[in-house]
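Consider the single chain below, provided in structure tokens and representing the form predicted alone.
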């Protein structure tokens, strides 16, 4: 079932001026419930504009953004309610922290939703769990934390709203490999347990290959290709043609195949290539 759908959407910067630029051109794409969908594209492809349309930060100049089959602009005066249902975490959200304590920052949005203190406490605890925030950290000032810890707090603040859709723009940018795994792994587990729709924007092809169920590729203000991870990364050469990179492990697998190793399987994750090599060596009797 599709939770969120973009239907024939167009968006123009500087509309009606000499500086008009079409950022989205008749774009249609859907995002499934309970799935993680990756959104990739080179700089200027339109993906950032698309992200800002998903919860009403921008209004399309043509087409519709549908949540549960209803346009999010059906009642313009209530667009703020949509932003509780479609949670958006922008790049480097740690710079948006402001409360005296981590607990207060995470609980800010649920409090604005009018929840009771007990409900707020439950949501803070749950969001902290999935983002790797310890009980000890909850009563600290967010400004005492490391950059990676601040990132967790900002993401937890959106999770605590319990949105139907969570949109993350480069949530692991600038983090070391361990930090990336902890944040993205926790979010992946949250999707499995909650059934929400997660949209992940990232330049890391490794993250896309490892954590996503589906991938949407944007190029020149349009959807270039959309499909499952298998479908997108099985034709990695197409991504390279439009200026995108592919997972490093895919390049290694391609080199092995060129050298005569007949590998078969999911050749875009380390685990997939490892399994293919083991299968190949076993099948050849080596």
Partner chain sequence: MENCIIKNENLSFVYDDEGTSVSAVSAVIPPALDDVTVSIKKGEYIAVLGHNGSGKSTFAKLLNMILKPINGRVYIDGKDITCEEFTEDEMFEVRSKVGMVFQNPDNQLVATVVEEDVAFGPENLGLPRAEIRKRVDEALDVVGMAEYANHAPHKLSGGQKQRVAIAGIIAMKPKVIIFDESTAMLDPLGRREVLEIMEKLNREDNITVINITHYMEEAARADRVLIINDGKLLLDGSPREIFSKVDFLHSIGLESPQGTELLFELSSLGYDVPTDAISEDECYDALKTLLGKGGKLA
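So that the term is clear: the rigid core is the largest set of C-alpha atoms that superpose within 1.5 Å between two forms. Just so it is clear, the structure is predicted and the values come from calculations on it, not from any experiment. Positions refer to the first chain, counted from 1.
Keep in mind that the form predicted together with the partner chain is not shown, yet the notes after this line are about it.
Only one of 173-181, 68-76, 121-129, 191-199 places residue heavy atoms within 4.5 angstroms of the partner chain in the predicted complex, namely 173-181. Residue 249 is the only one of 249, 29, 53, 239 with a heavy atom lying within 4.5 Å of the partner chain in the predicted complex. For residue 22, no non-hydrogen atom is located within 4.5 Å of the partner chain in the predicted complex, even though that partner is not displayed. Though the partner is left out of this view, residue 140 does not reach within 4.5 Å of the partner chain in the predicted complex, counting heavy atoms only. For the chain shown alone, residue 264 is not a contact residue for the partner chain in the predicted complex, no non-hydrogen atom being within 4.5 angstroms. Although the partner is absent here, residue 273 sits close enough that one of its heavy atoms falls within 4.5 Å of the partner chain in the predicted complex.
At a distance of at most 4.5 angstroms from the partner chain in the predicted complex, all three residues 203, 245 and 255 contribute at least one non-hydrogen atom. Contacts with the partner chain in the predicted complex, taken as any heavy atom within 4.5 Å, map within 5-44 to 43 alone. Residue 61: CA moves less than 2 Å between this form and the one not shown after rigid-core fitting. Relative to the superposed rigid core, residue 263 undergoes a CA displacement of at least 2 Å between this form and the one not shown. Annotation: Cα of residue 242 displaced by less than 2 Å between this form and the one not shown, core superposition.
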